[in-house]
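Take a look at this one chain, the form predicted alone, written out in structure tokens.
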């Protein structure tokens, strides 16, 4: 990219849009393959562990990884990246959205509606449904995630759905919870309590903490600014971009949500001089 130090704000906006257009509209083959492979592997763990084909400790590790990886394909669907409304593959977009987050017990409609509200109101303490993950540092963020799931703690997603007039979607939550606890109870009653705990209950809680840390806390910390170029940031993670589930370049996603996850690193490096010139939070160190 040529020197942009004298480029006007209008010119910078044009360059940014041109870069974004080069990455939008690319079919996310990885996300679709990931969604189906991940759910099949997780489901296969149950008979494999119960029949003694693989040990429970190995199943626990794999299940934890499965559930950690379960959110992002649905996230692509939430932004209609797989297929737009009315298109031939719209059914695939919705199927990926629904099946991916089953292990997390996060209904797709709940995830989509609340996530779009997060984009509209990022870091607003009253309107951002993810603002409850705000914390002073990494350890505090982990504790905050755990604390937010304790009985009696206010559910920000529930409040958001009620605020936007979609309380009807809370029925999805009820159905998921009833099915989940029925399965856990049945497994425990029939002698598979450890399997229930180590293939779903505990992996889910570990995964929720990891997801909230990297998808919510890290890219928005300290979550005090609400401007379009200031409400999220680029950062360096000690576990790299893969370990942080692609969130090192989350600023690109907030600016251009329809860029597929696998293309955000390339889009970021192409866009970086423009982002710096426009006052974005570039915090790679």
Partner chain sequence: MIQIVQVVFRFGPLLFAFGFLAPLTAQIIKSAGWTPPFGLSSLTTGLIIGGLLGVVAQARGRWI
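Residue numbers count along the first chain shown, from 1. These figures come from a predicted structure and were not determined experimentally.
There is also a form predicted together with the partner chain; it is not shown, and the following applies to it.
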For the chain seen here without its partner, which of 184-192, 126-134, 107-115, 161-169 has a heavy atom within 4.5 Å of the partner chain in the predicted bound form? 184-192
Only one of 146, 89, 206, 140 comes within 4.5 Å of the partner chain in the predicted bound form by heavy atoms, so just point that one out. 146
Heavy atom to heavy atom, is residue 156 within 4.5 Å of the partner chain in the predicted bound form? no
Indicate whether residue 122 is a 4.5 Å heavy atom neighbour of the partner chain in the predicted bound form. no
Is there a heavy atom of residue 196 lying 4.5 Å or less from a heavy atom of the partner chain in the predicted bound form? yes
Scan 157-182 and write down, in order along the chain, each residue with a heavy atom lying within 4.5 Å of the partner chain in the predicted bound form. 174, 177, 178, 181
